[in-house]
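Below you will find one chain, with nothing else, as structure tokens; this is the form predicted on its own, and questions on how it binds or moves follow later.
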Amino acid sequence: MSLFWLVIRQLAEIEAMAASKKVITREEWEKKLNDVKIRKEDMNRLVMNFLVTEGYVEVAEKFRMESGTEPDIDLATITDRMAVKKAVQSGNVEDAIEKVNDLNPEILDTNPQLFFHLQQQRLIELIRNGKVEEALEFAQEELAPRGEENQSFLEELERTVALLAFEDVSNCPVGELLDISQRLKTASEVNAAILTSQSHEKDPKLPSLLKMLIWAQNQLDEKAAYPRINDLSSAILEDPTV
């Protein structure tokens, strides 16, 4: 049985036990937790999934050697994927596009939204660097035709070009496009597309399991007082407040 379904089953059992509001002692709770049998191999695969998806290639290689857990993709491709992500995060979008095409030209050919967002990021970088004429020319030649075919692209293009109307972008209603967070957003989109092209999940499984834990605890709070994990970084059980 997979780790996911083990967690689901255990949550169902705990919720059934807490059908009416009552106090669950630490002893009872720890007994329930100890009854859950999770194979070490499953835990290792969960860790490897996180390392591969997030791009920690050196750590993944070391973990592979120490645990014997084989990744489901070639670790060499992680280096290439991280190079693309780093290029976008640094504002070198043209270089990023070239690297993506070297990896797999079908990624951009089959994902017009991703390609538009990369081109939009190129326009943002031109505006950031004060290349107004070049920015206008690029918008007209590369992005405007795509905007004519897609209303949402046109709206995003208009928002981006609006940056040129403000000398002080701090007063611009779309000034957030120049924030580093916009680069990170585009980089994450590219990263997800590359992972998908490699038949790999675009998001690591571990954060999803932690979100499930938070959701389950919130549900149980309405029915029982029990030893709760309030700090996910330490995973320490705190006794219930009666």
Partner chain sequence: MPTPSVPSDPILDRLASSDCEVKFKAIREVKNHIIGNRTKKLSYIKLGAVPAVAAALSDCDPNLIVQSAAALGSFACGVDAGVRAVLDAGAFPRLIGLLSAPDEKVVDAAARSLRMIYQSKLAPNYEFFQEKNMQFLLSLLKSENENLTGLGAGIVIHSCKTIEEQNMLCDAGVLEKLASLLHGSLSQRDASLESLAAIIRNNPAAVSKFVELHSGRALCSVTELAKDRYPRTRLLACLCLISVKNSSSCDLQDTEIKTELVYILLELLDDSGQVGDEAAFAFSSLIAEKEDLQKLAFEANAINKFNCLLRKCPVHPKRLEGIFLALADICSKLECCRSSFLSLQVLNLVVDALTHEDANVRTAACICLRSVSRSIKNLSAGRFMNERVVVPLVQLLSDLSTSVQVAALGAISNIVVDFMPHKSTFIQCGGIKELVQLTKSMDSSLRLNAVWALRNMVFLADKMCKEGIFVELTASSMASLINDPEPSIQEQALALVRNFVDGCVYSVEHAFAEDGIVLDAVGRQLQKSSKIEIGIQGLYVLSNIASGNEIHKEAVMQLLFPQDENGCCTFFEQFLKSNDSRIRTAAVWVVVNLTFPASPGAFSRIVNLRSFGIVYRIKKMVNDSCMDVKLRARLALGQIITFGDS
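Since the model is a prediction, treat every value here as computed from it, not as a measurement. Residue numbers count along the first chain shown, from 1.
Below: the form predicted in complex with the partner chain, not depicted.
In the predicted bound form, no heavy atom of N129 sits within 4.5 Å of the partner chain. The partner chain is not shown here, but in the predicted bound form it comes within 4.5 Å of a heavy atom of T196. Proximity of L108 to the partner chain in the predicted bound form falls within the 4.5 Å heavy atom cutoff. In the predicted bound form, E41 stays away from the partner chain, with no heavy atom inside 4.5 Å.
Within 4.5 Å of the partner chain in the predicted bound form, a heavy atom is found for all three of N104, F115 and E201.
A144 is the sole member of V169, A162, L136, A144 with a non-hydrogen atom lying within 4.5 angstroms of the partner chain in the predicted bound form. Contacts between stretch 146 to 163 and the partner chain, counted in the predicted bound form as any heavy atom lying within 4.5 Å, involve R146, E148, E149, listed in sequence order.
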